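Given next, in structure tokens, is a single chain: the form predicted on its own.
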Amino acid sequence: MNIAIVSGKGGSGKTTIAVNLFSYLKDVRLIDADTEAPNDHLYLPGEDATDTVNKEIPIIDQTLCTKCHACADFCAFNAIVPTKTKMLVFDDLCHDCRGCHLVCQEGAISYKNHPIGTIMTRNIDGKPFLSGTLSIGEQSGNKIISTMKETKSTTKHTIIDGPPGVSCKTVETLDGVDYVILVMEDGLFGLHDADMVVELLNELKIPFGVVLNKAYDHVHVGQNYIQENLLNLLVRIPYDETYQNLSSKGKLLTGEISYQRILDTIIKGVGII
């Protein structure tokens, strides 16, 4: 089962849920797909193996190019721009789709490798953990996310700790998953951002449940939103300073009996067996 954990905003508690579920479950791997700010590794120390991820940048042979503009017309990201004398390629804008090669009738386009980031792999108690990091100055971590997801695994389940919000990286994270856990921080700010994720998940028709995190007894905006929109509430996690203090020190919460009950409730609600 492939499970993505997402949130509308940073700081909602998405990573806390991801690393503790990974630690608590057996026969599972974890992927940290928040390539611009990965932090799962802070909770899961170990020895690293690191691989470079490249994207393929088009090279246009100007002697073969007829300036037909087919490649530029195809590119949705304006990575190829025609001029009077030649076709210009903007490496940073290229999304490595290879579409320009497909539409070029002259065979004028080849490719060169361009490093965009790295994938770190750790073995945590016999379970694989992968974390992707986008290099400074690069525009998109989608290739890193897709490469991690395509890495062969014999585990029964995969947990993907996705980036916050509804960017292209989130859509890439959600591609092919069976279920989504939406971690929503209780309060107006958390609700506003989570609402955008709910809209995206409904558009993609992916089943999901909500974890209402850092909830206070006197705050009801999150609970009301979930009820009004007929969402599936997996569990309500009250604000607890013990959880906050342990997490701030990079400690897992699986040793807390109360948190074990929370994880058991999530596991049951998602249907992880």
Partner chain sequence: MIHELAILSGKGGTGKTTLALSLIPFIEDLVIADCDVDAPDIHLVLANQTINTIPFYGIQKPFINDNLCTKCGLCAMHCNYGAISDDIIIDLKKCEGCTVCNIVCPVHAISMVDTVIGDLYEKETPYGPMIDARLIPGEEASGKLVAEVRRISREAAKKANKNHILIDGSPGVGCNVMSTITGVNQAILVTEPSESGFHDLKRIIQLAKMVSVDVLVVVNKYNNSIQYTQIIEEYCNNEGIEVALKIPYDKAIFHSINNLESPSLSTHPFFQSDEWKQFLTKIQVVNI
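Numbering follows the first chain given and starts at 1. Being a predicted model, the structure only gives us computed values, none of them experimental. Each form is matched to the other, and the largest set of C-alpha atoms that superpose within 1.5 Å is called the rigid core.
The same protein also exists as the form predicted together with its partner chain; that form is not shown, yet it is the one meant from here on.
Contact check at 4.5 Å (heavy atoms) against its partner chain in the model of the complex: none of T242, Y259 and D264 pass.
Within 4.5 Å of any heavy atom of its partner chain in the model of the complex lies no heavy atom of I80.
Within this chain, G165 lines the site of its partner chain in the model of the complex, having a heavy atom no more than 4.5 Å away. The closest heavy atom approach of L88 to its partner chain in the model of the complex falls outside 4.5 Å.
When its partner chain is considered in the model of the complex, K156 lies well away from it, no heavy atom lying within 4.5 Å. Listed stretches are 230-238, 28-36, 58-66, 45-53; the contact stretch with its partner chain in the model of the complex is 28-36, by a heavy atom cutoff of 4.5 Å. Residues of 197-218 that come within 4.5 Å of its partner chain in the model of the complex, judged by any heavy atom, are E199, L200, E203, L204, Y216, H218 in sequence order. In the core-superposed comparison between the shown form and the other one, R122 has its Cα shifted by less than 2 Å.
The rigid-core alignment places the CA of K149 less than 2 Å apart between the shown form and the other one.
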